[in-house]
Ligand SMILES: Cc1cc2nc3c(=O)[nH]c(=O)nc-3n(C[C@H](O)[C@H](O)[C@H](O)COP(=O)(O)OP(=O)(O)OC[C@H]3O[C@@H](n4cnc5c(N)ncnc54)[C@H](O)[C@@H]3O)c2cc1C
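Below you'll find only one chain, the form predicted alone, shown as structure tokens.
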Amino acid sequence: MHITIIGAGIGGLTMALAAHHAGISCDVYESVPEIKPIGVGINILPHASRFLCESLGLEEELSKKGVLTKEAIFFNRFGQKIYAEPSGRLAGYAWPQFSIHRGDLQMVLLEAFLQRVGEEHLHLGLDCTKVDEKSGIAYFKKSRSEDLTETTVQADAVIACDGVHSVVRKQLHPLEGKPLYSGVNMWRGVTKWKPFLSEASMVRAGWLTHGKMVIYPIRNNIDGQGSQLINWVAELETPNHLERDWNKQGRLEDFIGAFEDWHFDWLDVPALIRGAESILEFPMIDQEPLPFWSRGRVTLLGDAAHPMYPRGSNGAGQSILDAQSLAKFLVQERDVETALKKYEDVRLEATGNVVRMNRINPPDAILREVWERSEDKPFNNIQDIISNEEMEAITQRYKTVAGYDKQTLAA
């Protein structure tokens, strides 16, 4: 069996490594002429970490590049601690949780691909224009070129990992509605900073109405003096937003006012924000789960299949789980179309549940509950506002839906 993979992002490269691990040959086609480590921070939760570490053997490299997350911790906008729980192995999982720069993760996957699969199987500077669902032929042209000459490639299956602006998704679903804006805009950056809290804490603070932050370290000792690279995301309700572009530059003045008084004994948030070399802006947008991903010899994977709000640290992880599942079915089934359908049957429902859960009750729903019940005021005792048991239930419910509760992983 041989497969064509469209896109060399996290989903595409993981799919290629999963296919290689399963004994399936592949070629990867990417539109950019050079793969560079762009983006900001992401988290790899235990369900995805399990596959990367156990099956693909990448734990050592990921541990060198990222931070082993120790805890998830919640604060209100006054800096008061609401709730904390351990993460990764400290929470009793057999696998770590990684906080890592997206570009570092992509480079780890790319290096593994080049070593295991081979440079000759990576084709850069080619835009996919369409696919033939019956024959498994994919059509490409040179990206950023006036030369419209098409190159055709035939394989047993075509896996579209071409992101939120997927050409293949549009071909399969030409009448799909527009992306859905949540009413929340995000600004993201990374800043050199001294370690705070446990030195491996994932902080969620505030609430969307007056400003919410997600803050965590993604690289250790970046200057030989113990400084870390800190990833931060500022989220704010606003009717204004730009088009989806992970590399769109944002403006400090559009959001800094919401966080000017966030001076805590554990972190000076406005100083952290101002310390970033650049700021990226991205609207919190998703799309309704699709009725199907696969047709004939073609299927979707990752953001091309299930774009979701980045509220549960779960987008990249679901792409990794897609790749794991698809490789398994391609090995188990002799008929490619049957394999793609079984993959869809398992993953379409699972990811659709995560998309919907990210809209209403992701882990940061704890912050919403405290904001509403406290009427956005400081509290004397958090237990007068909400119990630990109720907060634990919120995070446990999300873990179950997303597939990384301990019972599901053990099974």
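A residue's number is simply how far along the shown sequence it sits, counting from 1. Since the structure is predicted, the reported quantities are computational estimates derived from the model, not experimental observations.
This protein has a second form, the form predicted together with the ligand, left out of what is shown; the following refers to that one.
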Partner contact for Ala323 in the predicted bound form: the ligand, 4.5 angstroms, heavy atom: no
is_contact(Cys161, the ligand) in the predicted bound form, heavy atom dist at most 4.5 Å: yes
Exercise: Ile42 in contact with the ligand in the predicted bound form, heavy atom 4.5 Å: yes
Partner contact for Met202 in the predicted bound form: the ligand, 4.5 angstroms, heavy atom: no
The ligand in the predicted bound form reached by all of Ile6, Gly11 and Ser31, non-hydrogen atom within 4.5 Å: yes
Sole residue of Ala258, Ala112, Leu330, Leu126 within 4.5 Å of the ligand in the predicted bound form, by heavy atom: Leu126
Contact assignment for the ligand in the predicted bound form, among Ile38, Ala365, Ala350, Leu68, heavy atom within 4.5 Å: Ile38
Options 376 to 384, 356 to 364, 23 to 31, 56 to 64; stretch whose heavy atom lies within 4.5 Å of the ligand in the predicted bound form: 23 to 31
Heavy atom contacts to the ligand in the predicted bound form at 4.5 Å, residues of 178 to 213 in sequence order: Arg188
